[in-house]
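As a starting point, one isolated chain is supplied in structure tokens, in the form predicted on its own.
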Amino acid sequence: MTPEQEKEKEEKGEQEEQVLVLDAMKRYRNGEIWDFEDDMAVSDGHGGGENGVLLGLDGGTTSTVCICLPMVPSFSHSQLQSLPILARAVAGCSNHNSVGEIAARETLEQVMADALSKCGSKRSSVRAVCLAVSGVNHPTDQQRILNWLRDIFPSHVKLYVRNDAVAALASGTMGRLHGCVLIAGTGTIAYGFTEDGKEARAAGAGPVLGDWGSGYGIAAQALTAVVKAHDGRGPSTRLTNSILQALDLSSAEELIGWTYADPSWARIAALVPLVVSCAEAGDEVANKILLESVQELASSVKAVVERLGLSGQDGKDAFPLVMVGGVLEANRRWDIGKEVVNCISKYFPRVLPIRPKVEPAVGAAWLAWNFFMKDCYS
């Protein structure tokens, strides 16, 4: 077989695989997920009022959240915070790199249907949808999801697809895309925007390519430290007893089996509080892991800020740094988020740390409002 024939065969295989995915999704969409709309036949199905509703969705590796807000065109941007949440729905992982494309899309569609059902709205009442999903790393990812959404919603609905980091940024800036966001949960990513629309990102490549500083990265290093200590290749550590006791295991050998029985990212990342506890108790190995994670997270932010020039030519301009994710929550003496800010402040003294008061799904809904208003009045 010639190289040209091999390439043609490979492309044909990829096309056939995509057809199978789309067929499976069409069969799923023709199922029972939207049956609740039939029960609204006697009403107008406009739970958000005559102006309709907005959907904002934050989809990650651990969970997926959909928020439904009323569409109020007369509002100003500064009034967005006063929009009431009509409904909130939660589902599992929607990262296609983690669970596969079919499962991810099923989750996304189900959580949108649940939110609309809860607020008594039909798809026909939706004005705009902003899906902010982890794993959307390229324009082809965006276009694939947009095509799928277009099959679900009526043609009048405005559709927007972004990476989940964009919703996290918007949750701290009321939907404005300017500044930098650092997410450190199960995974990690730094994402930034300038006021003229330029954007840049760092990290966010997943655990295989080294999202060190993330919950998964911290916990994976801790598991490795336990194995090394058992082998005699590393120093002894409190992590051994702490992790084995928490997992109800009797030896480090059993830890290997536990890890590979279900190596899901969130399951591993759930061990982070144990690492923090050991560091607070004075364990040098755990402390080193957290210090390294701080450096990794700070370097991601630094890379984005410098590429976009967010701090100005002299490095002294102010810019917002939105901080999101369980790893960065300020609820322990060993405060990873605080240490990251201290590290970044050495490079950019006017950085403005923001810990959002709303969840990223609300930020996605605010983005839907901003995008919709811009499209309508531009």
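Everything numeric here is computed off the predicted structure, so don't read it as measured data. The numbering used is simple: start at 1 and walk along the sequence shown.
The same protein also has a form predicted together with a further copy of the same chain, omitted here; what follows describes it.
Note on contacts: among R201, K158, R176, R162, the single residue with a heavy atom within 4.5 Å of a further copy of the same chain in the predicted bound form is R201. Interface residue among W212, F153, F193, W148 relative to a further copy of the same chain in the predicted bound form, by the heavy atom within 4.5 Å criterion: W212. At a distance of at most 4.5 angstroms from a further copy of the same chain in the predicted bound form, all three residues P207, V227 and I268 contribute at least one non-hydrogen atom. When a further copy of the same chain is considered in the predicted bound form, E284 lies well away from it, no heavy atom lying within 4.5 Å. Within this chain, S74 is remote from the site of a further copy of the same chain in the predicted bound form, having no heavy atom within 4.5 Å. At the 4.5 Å threshold, heavy atoms of D231 reach a further copy of the same chain in the predicted bound form.
In the predicted bound form, at least one heavy atom of S251 sits within 4.5 Å of a further copy of the same chain. Per the 4.5 Å heavy atom criterion, a further copy of the same chain in the predicted bound form is contacted by stretch 257-265, the sole one of 257-265, 80-88, 237-245, 114-122.
Although a further copy of the same chain is not shown here, in the predicted bound form the stretch 286-304 places heavy atoms of E296, S299, S300, A303 within 4.5 Å of it, in sequence order.
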